[in-house]
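Read the single chain below, which is given as structure tokens and is the form predicted alone.
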């Protein structure tokens, strides 16, 4: 790069009186100034004013461009700027009460009180995290009596929620499976691609969403998994697929497992909604347990942001199921090695909350009731939205896909222009792929949302 001469900025100053600025000069002669002990001005003094030239360095960061706004978090910023009384934020996936307020579960408060009563300290955790947390989270996922737990074939490390856990796994793939490709559903959670891009792990998409049926393109999915290079990693959403809310049936999960085994692929689950989708921890973990029961080696990232409302605690885990306990020990050592220069060790507060709740029968049962209530509220507004769409739309369009989807999200089938209409005309904020978060929808606004969807679908190309 050719060298450049720093531009000079000129300035004019009054007679020098600041104690930090000293000068020796005679009228009409050159001036050398010392400021805070450094000589860097040359100037000419004329009567009562001094003209100076000041060398200004060009920033070495000038070539860094402005990053685009996050497509999901940017929705919240636009929502905050809107003053319309009927505005709705259905973009960010965070649970809200009927009054649209964030919810801190009572069981979480009880677990925190236990921590205060015990007077627990804030010392560093080991690199792999809190041992009590790692134990209960693996058992919660696979079942305490599962073979992989009993045979100690799971390498579990605490991660920085789901995102951080996925990033650990991506680094493991890049280091020990160089050149291996990760297959990602089309569409998928927006951050999946960012994670693998930053870890320099190649990825490609497999068909998942069918816009004609607003359902699962199962044949396309199976065809693309079969066509992938042998030994690829197949990223699967354990339950409540984000963004579509469309999950395979139990029978379809069996076929997916068959194909992955035949191709010698490695299943890689992202489990962000266990217990939060259906209200049942066991039901929402059934896909993962199916693969584990077949003796397959697999990766599973977990998050407690949604099911315990611990969004800001950044609490999750990375699990690697291996064919032997010896392999699990080695894998865990390498996950720790990756974590050490990345963030050294994970936070303790959220880990203790999870360990206290899952490890206490009374609190655990209360948590399961809380999840049933949260999942139940989402199911209720999903049903009410469908009822409104069906009653208000006389075109004969089948809106039943709304009921077939599961979890906090619904894929409306609206395109970008129609989604823009939802925001610009109806003040409904959502992602541009047509995804809405039903967790942010109160019952009282279901009819309003139905009107907005019908208008956008029928009146915007």
Ligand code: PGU
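Residue numbers count along the first chain shown, from 1. Keep in mind it's a predicted model, so treat the numbers as computed, not measured.
Just so it is clear, the following notes concern the form predicted in complex with the ligand, a form of the same protein that is not shown.
- Relative to the ligand in the predicted complex, residues 244, 399 and 457 are all farther than 4.5 Å at every heavy atom.
- Of the candidate stretches 252-260, 158-166, 209-217, 284-292, only 158-166 contains residues with a heavy atom within 4.5 Å of the ligand in the predicted complex.
- The contact with the ligand in the predicted complex, taken as any heavy atom within 4.5 Å, belongs to 189 out of 79, 367, 386, 189.
- A single residue from the set 185, 137, 303, 319 has any heavy atom within 4.5 angstroms of the ligand in the predicted complex; that residue is 303.
- Put simply, residue 309 is far from the ligand in the predicted complex: not one heavy atom of it is within 4.5 Å.
- Using a 4.5 Å cutoff between non-hydrogen atoms, residue 73 counts as a contact of the ligand in the predicted complex.
- Although the partner is absent here, residue 125 lies well away from the ligand in the predicted complex, with no heavy atom inside 4.5 Å.
- Under a 4.5 angstroms non-hydrogen atom cutoff, the ligand in the predicted complex has residue 93 among its neighbouring residues.
- Residues are counted as partner-facing when one of their heavy atoms sits within 4.5 Å of the ligand in the predicted complex; in 249-275 these are 270, 272, 273, in sequence order.
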